[in-house]
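Shown here is one chain on its own, the form predicted alone, set out as structure tokens.
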Amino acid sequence: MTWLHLYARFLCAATLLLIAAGGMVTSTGSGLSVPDWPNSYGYFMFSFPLSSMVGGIFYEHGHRLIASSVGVLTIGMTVWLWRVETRRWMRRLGVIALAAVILQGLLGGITVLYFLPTAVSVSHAGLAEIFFGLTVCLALFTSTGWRRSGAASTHDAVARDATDVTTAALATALPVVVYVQILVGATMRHTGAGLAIPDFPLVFGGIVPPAWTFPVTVHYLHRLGAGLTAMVVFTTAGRLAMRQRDRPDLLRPAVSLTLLVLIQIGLGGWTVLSGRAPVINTAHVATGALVLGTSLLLGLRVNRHRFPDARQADASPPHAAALTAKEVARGAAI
């Protein structure tokens, strides 16, 4: 495990914390507790007195501090990649991550200055998940296991053809399905539709809403999306369990996804039944990000043979790929 990989994992964890902090801002209705930007009540962000961080200011200003720290970490990551990384596409990925976090900060400022417009708020939430996905990619691509699996891709049929076509398609599509579900959830949160359907698991005591309004429709679509996402996750995990028992690098994220989706559905129901309790609501947001990140890991590992460094491994001498399939699988964890 290299220092660069450890740094990438730390950035990934810091981004998850940032998403949770943003969830608390929304859950507590603190989005305008600090009405100016980029300053905080006229103070430079890092000079704002800690004694004034009370009530909603604690959540909003704390979110800004974490966001700024993640931005600095991302700058460090990008510079580090350009100094030591030989893979050109990895250096470019670092630049994309830096551009994403800068744009995210600007969207956050626009959200405050224009009094929480729904379109900007949802975009802010959606870009946060994309940035988190980029940090997951950076953590995976800098891991020793990723390089080893690429080095063996040409000499090991299991490493190249990770699974059958249907399962590979499901694993590849899964991050997209999860992301769309997250966007619907963000729309629900930022339009105040979180309690438009006040009971769970039923819908106004039945299966289908008796009347349709925009909040009810968005909320109901989010519930339907949860069911669809769960079906795709369970199907993918089941197929992997039956067909790829010797690939723990695929089975681990599949099992994690199954557990996370079950927890996420439970948290969604708890959020409704608790009247959108801030801590429960925020846990629901953070778990959604974990579902996205884990599904992305699975999709990337299934498509390992498609990456440029795997193709470079194809041209390496035979002795460079002495790993067996099981050794590759054991080393593929981040």
Partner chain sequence: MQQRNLWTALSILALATTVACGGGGEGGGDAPAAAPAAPAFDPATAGNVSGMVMFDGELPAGEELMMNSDPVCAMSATNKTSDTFVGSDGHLGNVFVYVKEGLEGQRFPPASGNVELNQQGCRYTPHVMGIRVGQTLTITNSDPTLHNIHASPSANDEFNMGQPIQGMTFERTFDTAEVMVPFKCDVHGWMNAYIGVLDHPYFAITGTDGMFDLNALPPGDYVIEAWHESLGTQTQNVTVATGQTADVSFTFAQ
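Residue numbers count along the first chain shown, from 1. This structure is a prediction, so every number in the text was calculated from the model and none was measured.
The discussion below concerns the form predicted in complex with its partner chain, not included here.
- For the candidate set 204, 212, 114, 89, a heavy atom within 4.5 Å of its partner chain in the predicted bound form is found for exactly one residue, namely 114.
- Interface residue among 72, 262, 173, 242 relative to its partner chain in the predicted bound form, by the heavy atom within 4.5 Å criterion: 72.
- The stretch among 226-234, 102-110, 125-133, 190-198 whose residues place heavy atoms within 4.5 Å of its partner chain in the predicted bound form is 102-110.
- Contact annotation: residue 56 falls within 4.5 Å of its partner chain in the predicted bound form, judged by heavy atom distances.
- Mapping the unseen interface onto this chain, residue 307 falls outside it, with no heavy atom inside 4.5 Å of its partner chain in the predicted bound form.
- Within this chain, residue 274 is remote from the site of its partner chain in the predicted bound form, having no heavy atom within 4.5 Å.
- With a 4.5 Å cutoff on heavy atoms, residue 303 does not count as touching its partner chain in the predicted bound form; it lies far away.
- Residues 32, 33, 35, 37, 38, 41, 48, 52, 54, 55, 56, 57 are the members of 31-62 with a non-hydrogen atom no more than 4.5 angstroms from its partner chain in the predicted bound form.
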